[in-house]
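The chain below stands alone and is given in C-alpha cells; this is the form predicted on its own.
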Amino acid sequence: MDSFLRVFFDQTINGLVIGNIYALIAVGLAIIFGVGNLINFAHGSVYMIGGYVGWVCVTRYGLPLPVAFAAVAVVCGVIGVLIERFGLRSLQNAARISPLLATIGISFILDQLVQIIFTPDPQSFPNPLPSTRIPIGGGSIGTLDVLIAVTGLSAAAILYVILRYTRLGWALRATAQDREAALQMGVDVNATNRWAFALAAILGGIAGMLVGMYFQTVYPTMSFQAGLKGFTANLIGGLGNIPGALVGGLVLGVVESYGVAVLGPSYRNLFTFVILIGMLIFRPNGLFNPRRQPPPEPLTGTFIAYRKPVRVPRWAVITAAGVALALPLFMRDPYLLQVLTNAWLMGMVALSITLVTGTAGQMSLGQAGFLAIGAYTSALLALRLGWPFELTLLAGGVLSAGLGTLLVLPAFRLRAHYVAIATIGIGEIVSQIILNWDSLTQGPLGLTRIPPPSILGVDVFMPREVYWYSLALLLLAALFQWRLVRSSLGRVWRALREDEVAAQAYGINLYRYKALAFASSAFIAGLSGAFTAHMYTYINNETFNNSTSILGLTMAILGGMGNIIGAIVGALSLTILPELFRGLVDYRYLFYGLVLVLLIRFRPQGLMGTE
C-alpha cells in the first residue's frame, strides 16, 4: 500500500510539473486566439526555439539561469512580433483560413532553420540545478520541479496583473471581445496583436526551455507534439479562455502522467490525441465556456478567393499523358525515374486533398493517416496472408476509405478551426496506434521484406516499370476523380463548400456527402500509401508523418484548389524543383514552407486557378 501511495504521489507530482509547462503553451495559444481568432500552428516552433536558446545559453556559454530565461524571452518575443508583422498582418482581410495556413508554413520554415543551424540530432541539455530533493509526505520533489511550479504560478500572476490593471491588458481584452468596437474606441489593434504574439511567444519559449531541462534534451521535431498538446489543453479549458488554459494544462499533464504509469511511455502522446478528439466531439466549447455558444463561421466557401481556372484542351492533356508514358523509353537514368515516380505518388496525395478540401470544402490536415492505413493494410495482407499485389493494393484503398471515414466521422459536425485540429489529431492517432500495436504492426521496428509491386504475379523491380505502374495509378485516380467532380455528386460537394447552411436547407444530408467526400479522398490516398509500401519494401510509424500531409496540401494549393490538373502540376513542381538544387537537400522543407507562405500571400488561387 505504501508503495502504491508513493507511486501515486510521484506520478501526481510529475503530472502537475509537466502540466505547468503545457499550461504555459496553452495560455500563449489562448491569448492569440482570443485577440485574433487564430489557431497559431507556429507556436510549437517558437516553443522549440526557446528550448534551443536556453540550451545555448546554459551549455555553450555557461550563463546563469536568470540570464538564460531573459535571453529566451527576448529572442522568442522578437520572433513572435516578426511572425505577426510579416507573416500574418497582410492577411487580415484575406479568407479566414489563410492565416492558419500561413502559420503552418512559418512553422515549417522555423523548424527547418533550427535543423540547419543545430543539425537534426537531439542535443543533451543537462539540468544545471542541484540534484537535491525535498521530502514531502511519502515522496519527494526536485529543485527543477519547484522551479517549473514557481515559473508557472509567477507567469499566471504576472499575466493576471497585465490583463487586469494595465492599458495593454485592457486593449487585449477589448480586442478579444469585439475587434471592430475596440478599433472604433481608439484601440491600436495592430499594436495589440503585436503584443499578443510577443507575450504568447515569451510564454512558449520559456516552456520550451523548461521542457529541455526537464527531459534533458532538445531536438527540432519537439515543436509539433508540443503544439498539439497546447491545443488540447486549450480545448479542455475553452479556446481563448486563459484561466481555462491553465487548468487544461494541469489536467492534461496529470492524465498523461497516470496513463504513462499504467501503460508505458510509448502511449504518452496517444492520451493527448484521444482527449483532443473527445473534447471536440463532446465539449468543443471547453469546460469553462458556456455550453451554448454561436457556432463559429465555417471555413468552407472561404478557403481562398476562387479564380477562373486555366482551361487546358483535352488534346493537350492526352498529349502530356502520352509524353509522360513514353519518357522512360528515352530517359534511362534510374534516379530521375525514381524522382518522377515519387512525384506521381505525391500527385495522388495532392489529388485526394484537392478533392476533399478544394471541391467539398472540408479542411483536412491529417491525410498521412489515410496513407498509413492503406500502406499497412496492403503490406500485412501480402506478408501474413500471401495475397497478390493487385488485391492488397485495392484492399488498402478500400480499407483506408472505410476506416478513415469512420475515424473522421466525429468531426463532421465541427466547423472552422475545429475541423483542422480534429483531422490533425486523427492522423496522429493512426500513427500512435501503429506505434503501439506491436503484435500487428511490429511497433517502431516496422514491417520489412514487403513484396514488391507485381502484375499478374510477375514482380516489378526495374525503375521504369515501377515508374509506369505509379503513373498508371495516378492517371486512373485522376480519371476517377474527374468523373466524380463532374457528376451530380460533385455538384453537391461544391454546394457544401459554398454554404453548408443553404445546402442543408435544400435537403442535402451533410453527414452523408461529407462521408462520401472523405471516403473518395481516403481511397485515393490509400492507394498511394499501399504502392509506396511495396515500392520501398519497408514502412514504420514515421514513414507517413504530418510533414507528408502539409506537403500534399502545399502541392494542392500550388496547383489550384479543386483543380485536378493543378494538383498534378503542383506535385510535379514541388518534387522536381528541389532536385534541381540537389546540393541544397537540407533546405527542402524550408523551401516548401516558403512556397506555402508566399502562395497564401500572393497567389492563393494557385498556378492553374481554382474550380
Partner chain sequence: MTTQPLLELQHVDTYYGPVQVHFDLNVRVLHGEIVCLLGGNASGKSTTMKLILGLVKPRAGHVFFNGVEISGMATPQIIRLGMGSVPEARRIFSNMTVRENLLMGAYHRRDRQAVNDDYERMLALFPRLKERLGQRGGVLSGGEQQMLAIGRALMGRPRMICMDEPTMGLSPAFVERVLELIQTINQQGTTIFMVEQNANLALQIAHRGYVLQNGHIVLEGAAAELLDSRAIQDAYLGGQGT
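What you see is a predicted model, and the numbers here were worked out from it, not measured in a lab. Residue numbers count along the first chain shown, from 1.
A second form of this protein, the form predicted together with its partner chain, is not displayed here; the remarks below concern that form.
Residue in contact with its partner chain in the predicted complex (any heavy atom within 4.5 Å), chosen from Q177, S154, T143, Q338: Q177. Checked against its partner chain in the predicted complex, the candidates L210, L88, A411, A171 yield a single residue with a heavy atom inside 4.5 Å, and that residue is A171. Note that among 261-269, 180-188, 70-78, 534-542, the stretch whose heavy atoms approach its partner chain to within 4.5 Å in the predicted complex is 180-188. For the chain shown alone, R384 is not a contact residue for its partner chain in the predicted complex, no non-hydrogen atom being within 4.5 angstroms. Though the partner is left out of this view, R133 does not reach within 4.5 Å of its partner chain in the predicted complex, counting heavy atoms only. The closest heavy atom approach of R167 to its partner chain in the predicted complex falls within 4.5 Å.
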